[in-house]
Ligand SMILES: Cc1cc2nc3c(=O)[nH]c(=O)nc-3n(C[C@H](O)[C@H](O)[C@H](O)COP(=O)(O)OP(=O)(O)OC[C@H]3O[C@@H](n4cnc5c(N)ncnc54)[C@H](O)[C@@H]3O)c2cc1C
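First, one chain by itself: the form predicted alone, in structure tokens.
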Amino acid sequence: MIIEDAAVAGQERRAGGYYLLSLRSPKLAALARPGQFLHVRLPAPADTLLRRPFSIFQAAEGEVRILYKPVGRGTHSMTALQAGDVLSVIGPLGNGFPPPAPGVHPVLVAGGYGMAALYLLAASAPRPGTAFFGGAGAADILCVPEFEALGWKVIIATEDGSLGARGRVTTPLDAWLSASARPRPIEFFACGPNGMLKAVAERAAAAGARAWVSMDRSMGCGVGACLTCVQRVRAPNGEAVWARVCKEGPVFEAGSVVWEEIE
């Protein structure tokens, strides 16, 4: 982990109102691992006491990139950033995704921003697998060309049917899981809304497969000190204990999460 004033290398607007922000930081790029995040101090005039966490989308050639959508005062302030502006960044933070186990077919399941959080895993996996992307509509489906360029098969679902299968991402996932010709064994890696993560955990358990989920919790400090982002998980002895999503997570083995307490 380092604290650095990173210069903006560039910013571009993407479909669906998303933005791709590139920060020049050879140190962060070298340290970044799949599933980790950056804790960013927002620029003026929306600078606040608390930093904001952003999943690391890409890390290459001395730059780290994040995808974000302006939804509040803080993220709206980021849209004005230009090349040469400087942001205070802490990172890379968190416990990320492990590499896929030898011999498994990796299966990625993502909703919305979760697609960006899975890219480094897809890029570093020993072999490409199958990725399921879901969103409310076509504008919420991100990064498909980047994943396909890595050799991954991308299967899409949208709730309004504007792109791919109509329904939630579990609709094509269930069809794929029930197909007799699907690869075996499999291992899941997921990032998205908690309801989706719970659904993936249930399907992994039914398939006898291991699953890793990146949990989403509001964070304060981002380094494990403030205890605002805790999640109950099962210890090896079966006892339910509190874990910090920013420190012990954001990635947990799905079978360890106490899903009964998640709506």
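A residue's number is simply how far along the shown sequence it sits, counting from 1. Worth saying up front: this structure is predicted, and the values here are computed from it rather than measured.
Note that the form predicted in complex with the named molecule isn't included here; everything after this is about it.
Engineer: Looking at 101 to 109, 182 to 190, 70 to 78, 146 to 154, which stretch has residues with any non-hydrogen atom within 4.5 Å of the named molecule in the predicted complex?
Structural biologist: The contacting stretch is 70 to 78.
Engineer: Sort through Arg217, Arg41, Arg234, Arg210 and report the residue having a heavy atom within 4.5 Å of the named molecule in the predicted complex.
Structural biologist: Contact residue from the list: Arg217.
Engineer: Though the named molecule is not shown, can you say which of Lys27, Lys198, Arg52, Arg33 has a heavy atom within 4.5 Å of it in the predicted complex?
Structural biologist: After the contact test, the surviving option is Arg52.
Engineer: Test of understanding: in the predicted complex, would Phe97 fall inside 4.5 Å of the named molecule by heavy atoms?
Structural biologist: No, Phe97 is distant from the partner.
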